[in-house]
Structure formats: C-alpha cells, structure tokens
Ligand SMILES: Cc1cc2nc3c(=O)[nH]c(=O)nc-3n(C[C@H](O)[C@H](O)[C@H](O)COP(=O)(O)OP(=O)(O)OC[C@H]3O[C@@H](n4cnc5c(N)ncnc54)[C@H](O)[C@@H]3O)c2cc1C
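Let's start with one chain on its own, the form predicted alone, as structure tokens.
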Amino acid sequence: MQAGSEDERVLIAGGGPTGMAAAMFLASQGVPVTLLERGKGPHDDPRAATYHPPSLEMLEPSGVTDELHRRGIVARKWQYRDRREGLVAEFDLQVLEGDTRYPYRLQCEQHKLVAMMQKRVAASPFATIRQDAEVVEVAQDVAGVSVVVRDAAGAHATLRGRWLVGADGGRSVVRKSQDIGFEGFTWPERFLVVTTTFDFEPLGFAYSNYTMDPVEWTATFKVPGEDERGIWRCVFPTRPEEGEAELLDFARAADRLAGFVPQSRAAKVIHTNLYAVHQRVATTYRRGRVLLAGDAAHVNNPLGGMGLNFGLHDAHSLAQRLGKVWRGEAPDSLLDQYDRQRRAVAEQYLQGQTIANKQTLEERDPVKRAERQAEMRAQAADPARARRFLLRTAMIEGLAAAAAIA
C-alpha cells in the first residue's frame, strides 16, 4: 500500500543509480516517492563499476553495501603505469583505515547496483516505480510540479508532485525544461571501452590501473562479469576521424588490446562500447521545486571512477535535506544549501580531478611526464603523503569540503 495521496509525493525522473538512490534514501525516511523511468529495467551496457569509500558508507544502512561485497571485487590497491616502462607507482588505500570503514575501492557493475536498489525501492510502502514513463514536459507552480510522461506507444499521462528530482542524465529534459545552463566542454576524442576475458593480474596489474602514454593511454580494471568469475575492461582514447563501426568491431578491438598487451591476443573480446566525453556542470541545481542530481547536474570523464559516486553523493545529500523539508523540520531554503555545496565541489573537485587525471595520462612532454612519475613514486612511498593524495582521489576530501559550505 502506498503512503500519501497521488500528488503528495516527490517525483523522480530517471531510474539510473542517482535516481534510484534518491528514491531509496527518501523512502527510507518515510517520504512518498514516484520514480519515473523511460526504460523497462536497468541497462546492462558496460558503464561505471567503481565505488569509493564514502559511497559504501552511504549505502550501508540499506544493506546494499553488504550485497556489493558479496557480488563485487575489493580493490585495495591501484596503480599508475607507463605503457613502455611498466609499473610507476602503486597506492594502497589501507592508509585510509583511520578515515573510513572501507579503505579500498569496490568494483561491481552499475546495472547490478541499480537492481539492488530497485529491489529495495519496490519493497517500500512509500515508493512507486513507473517504467515505460519518459518525462517529456515539466511545469511548476507555487504548490508543486506537474510532469507529462509518454510511454512507448505514444500515450501521455500527467502526474503531480510537491517536488521533482531530475536525475535523467546528461541530456536531462528536466534541466532543459527549467532553462538551466550546462556549462563546460566536450573532449574531441571519444572513449572506447573493450571488455575482454584476458586476465591482466598475472602480468602484475592491480584490479584498477591507469597507464600513461602520450599517444594511447589506457585505464584497465577488473569487474565481476555476469557469471561473477571476473572479466576485464580497458578504456582507450580514440581519434576523432575513426568511424564508429571500425571502433566497435571486435577484431579491431582485439588488435588494439594486443597493441597494449601482446599476450591478450589469445583471449576473447566480449563487448565494445563507444561514448562521447563531456566536462559540464549545471549553473544551478535548484529552480523552485525542481532539483537536479547526478548526470543531469554534472558530467565528466570516467578516469578515477568518480561520476557514478558523485551522483550517489548528490542523492544522499539531497535526500537528507529534502526529508527535513518534507517533515517541516527545516525551511525549503535548506535546499539552496544542497545547491551551494554540491555544485561547488562538482566544479572544484569532480571537474578538477577528472580533468587532471586525463591530462596526467596523456602528457606528451617527456620531461613533465618524468617529473610527474617521480612525484607519484614519492607519494606512494610516503604513507603521510599517500594518505593526503588518496583522501582526494577517494572522494573523502571533497565531501568534507562540501560539508564546510554553509
């Protein structure tokens, strides 16, 4: 049985990780929610798969963190490598054991996380999930928000709620409906993801790796796979002139892998995916009764595994504040703090760190590259310096900075 009347609820556009997390966090507080998802279930395309310590802490009360541990891969260490020279530096997140209950990364595919959260949302008496419900129009007034949704057959329906959370991705209809800017840029190259059965671990790779090269850097990490026995993903930059069909071709992807690690020639390519890469942040996360979170609010390159986690952190921060507003424990100006905090760290930490990660991997100046690698070795060898570095890359520092914004 659902709590609350049909229009006394929070509407959430988007059933990806951010939207589903927002629904789960709100419903756990007794806030009625209706989640609108244009598809019929979690997308199983290879997407994000890395969870940083703060995300595991936020998901812990729901039981999702325990389930991620049962089905995922704990990556205590990660490496910087050089395509020609091999291992540069290895960072051990165990130095963060005094800062978090989870001093490691955990790797498990995004669609599995969404399914875990969806199961909990669907079981809540405070939540409704409407699939095949694409948001096409949004209007708001002083009392609430009206949303028009369209199903696959083209039929339209109008729903009413007190608040609307736009978690509907980088092309967000919700954001566009409110004329909110999305400032930043798009990288000229697309990123190619190649999933393979080849096992990089016997070659000395950690479960998460970033390999520098001025021509073709690579990010390599292990994920459970559908049988949860383990497969590997490699992310490569591509040249703007390369065609999509050529890039996605399995035989050509196998050639690219073999160029990176010749031993991979005998293994299978089991999936390829190609996507454009952007660095953008919305000019505001709140317009009246409409709030943005996740990719609707910010997009970034995937190096460092931060985008998915940042969306989860948005959902957690927003749900904490919206829950208080819903219960009358705080004025709705508390939602302006959500905007100030999350947008500031998106600009300073999310964008800054992910852009720096890409620039580090593709550095063309041999002197600068050597200097950066020397710095990495020194950081990894000094526990105090490694801790300071990992507090930032593990997203702990950014959350602390957000909390300090009034």
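Bear in mind that the values here come from a model prediction, so they are computed numbers and not experimental data. Numbers follow the displayed sequence, beginning with 1.
The following text describes the form predicted in complex with this ligand, which does not appear among the structures shown.
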Partner contact for residue 38 in the predicted bound form: this ligand, 4.5 angstroms, heavy atom = yes
Mark residue 59 yes when one of its heavy atoms lies within 4.5 Å of a heavy atom of this ligand in the predicted bound form, and no otherwise.
-> no
Hey, in the predicted bound form, does residue 73 get a heavy atom within 4.5 angstroms of this ligand?
-> no
Flag residue 398 as yes or no: does it have a non-hydrogen atom within 4.5 angstroms of any non-hydrogen atom of this ligand in the predicted bound form?
-> no
All of 15, 110 and 133 within 4.5 Å of this ligand in the predicted bound form, heavy atom check | yes
Within 4.5 Å of this ligand in the predicted bound form, heavy atoms considered, which of 323, 144, 169, 237?
-> 169
Let me know the one among 308, 290, 282, 93 whose heavy atoms come within 4.5 Å of this ligand in the predicted bound form, would you?
-> 308
In the predicted bound form, segment of 61-69, 365-373, 341-349, 47-55 with a heavy atom within 4.5 Å of this ligand = 47-55
Taking heavy atoms and a 4.5 Å limit, what residues of 263-285 are near this ligand in the predicted bound form?
-> 273, 275
